[in-house]
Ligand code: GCU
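Single chain ahead, by itself, as structure tokens, in the form predicted alone.
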């Protein structure tokens, strides 16, 4: 197969509704919903209009009714009430009090003492068949409405019968839940219009300009609002000339896009080029300590905020993979980030400064150089030097979103710096949305890791509950495009959904999140639910089993990163090696004999990873160079592990193909056809991975498969 899509294409129709068709927001059934707001709130809060729109869509789809404050007195059949805390309903006067309906008293009780609710939080009360959602803002009400819808979909048939009294407050664990788009205005080389995008062209741009019709973008904003995303980066972190000018003459386009996302509680950000003072502003330098450069950024930022008052801030990739940065002037990353932070500070904006910085002109002969060390080497010495509105955006692993790699040591190394943990929803190294690969189980492993062995988790560090107590963010690279199924592979929608849900609550079980998505997307058919779980629950480990083994990574085709090329990067300048020879395989990153990378971790991980006796099997080749006959904790040798997992992985994909085939007629025909097509490609690719990896290992070491299976 070829690499990613190289050009945008016309938006096909019909567009798949993903997990949010009209029929999904159905908590009221055929009953009566009531929206209560204070008289001046709707005009000041555009998200309240979205809440009303969603309720009206549900009423049209289900035959229910919606009343608002201006519609007069609702009847006794109210089942769902959404109300802002600014509302103060009074008891009915005189004889009318005798006819007060159950919902009257419940709403008055909730709003009499609503508690302190931050803007994105909501209070949920259920009693006597009535559900009340109260919030201090439209955003909180929107989150509450979607929570009720998810609950109804995840518990088909139970919600209406549930008589238990509920009174709880729901709040997002993470204050900033952000999706970065790698969209370009123009099409750029083999990367296409969306760099590392596997679902077609940009939702925002086409033919070198902002789309005239932003209807798809509006539906996308609706999808993101339903899962609690509250920030979106609009353009590629590799900022090309056209995108760099979104700050200036392209600003009207940003204004239009901000207006698309604002009604769903989402603020927009721009990726900017560090060299913009020169390439856009015409200055002779971009030196962060130059007063003229500082004035230029202050002036252009003020201009942006005049146009978009709720603008979120900047995203920056600097001194990385050819992008310009402060190194050109003898400055460091703190100097560069603080330059932009100080321009943003008067407006409450934030700069997300990416820590993905390494030498991509490495000599493959030099085993002392280790790309995994780079981010820690560059940034750990700068801890405490970043301004408070700088968030250092750290990839969850030290390399580049591999199918398996250790958690980045930077996350534990900078307690005096705000950190964002960056995940990749677009499946660059996990099948590119041609393979079914549900990533939430892996994300939970990452977020649950305790960098100090006990105490705070990775999720806690991003939340701000780590040693420094500084709130950061959870950020991911988006996986959508103008494909009619949004993500190319319809089942890849589950990854986008899961990121939003785990960003809101990182303690959610991946299986439960998938169950929500299946219920919202496909309805209550138990066979469909079981079939999708059978395909996706363990699909990440299935993908891992037939690709690069034991954490070694980067056995992919250079450039496209799709499909096997075991030695494709082995002699390249990118620092992506596995060092396989006749005697063994893996990268020695120990302190004793290797690159010293294990020393970047705090105890106990520095010692766990250092020692072959304690290093987890799944990361063995990431940390150690071992003989082919090395015995894993599982009892298998490395060579036999490669044989067994690669044959087993193909068998699992064959089962997935059969499971999906049995669902024909039980899911929409177009969805079934697309998933079938993608599963066929996954099976072809898995066989190719199996045959190349097993043959490569056999030719290196000469050890046959103990089970006598065919190896070429």
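On a predicted model such as this, the values are computed, not experimentally measured, just so you know. Positions refer to the first chain, counted from 1.
The following text describes the form predicted together with alpha-D-glucopyranuronic acid, which does not appear among the structures shown.
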Review point. If we take heavy atoms and a 4.5 Å cut-off, which stretch out of 169 to 177, 232 to 240, 612 to 620, 529 to 537 is in contact with alpha-D-glucopyranuronic acid in the predicted complex?
Key: 232 to 240
Review point. Among 182, 504, 442, 386, which has any heavy atom within 4.5 Å of alpha-D-glucopyranuronic acid in the predicted complex?
Key: 182
Practice item. Note which of 126, 342, 267, 196 lies within 4.5 Å of alpha-D-glucopyranuronic acid in the predicted complex, where distance is taken over heavy atoms; exactly one does. Key: 196
Check your understanding: Any chance residue 354 has a heavy atom within 4.5 Å of alpha-D-glucopyranuronic acid in the predicted complex?
Key -> yes
Point to revise | is_contact(residue 395, alpha-D-glucopyranuronic acid) in the predicted complex, heavy atom dist at most 4.5 Å | key: yes
Check your understanding: Quick one: is residue 222 in contact with alpha-D-glucopyranuronic acid in the predicted complex, heavy atoms, 4.5 Å cut-off?
Key -> no
**Study point:** Proximity of residue 561 to alpha-D-glucopyranuronic acid in the predicted complex, heavy atoms at 4.5 Å
**Key:** yes
Review point. Listed by sequence position, which residues of 425 to 456 have a non-hydrogen atom within 4.5 angstroms of alpha-D-glucopyranuronic acid in the predicted complex?
Key: 428, 429
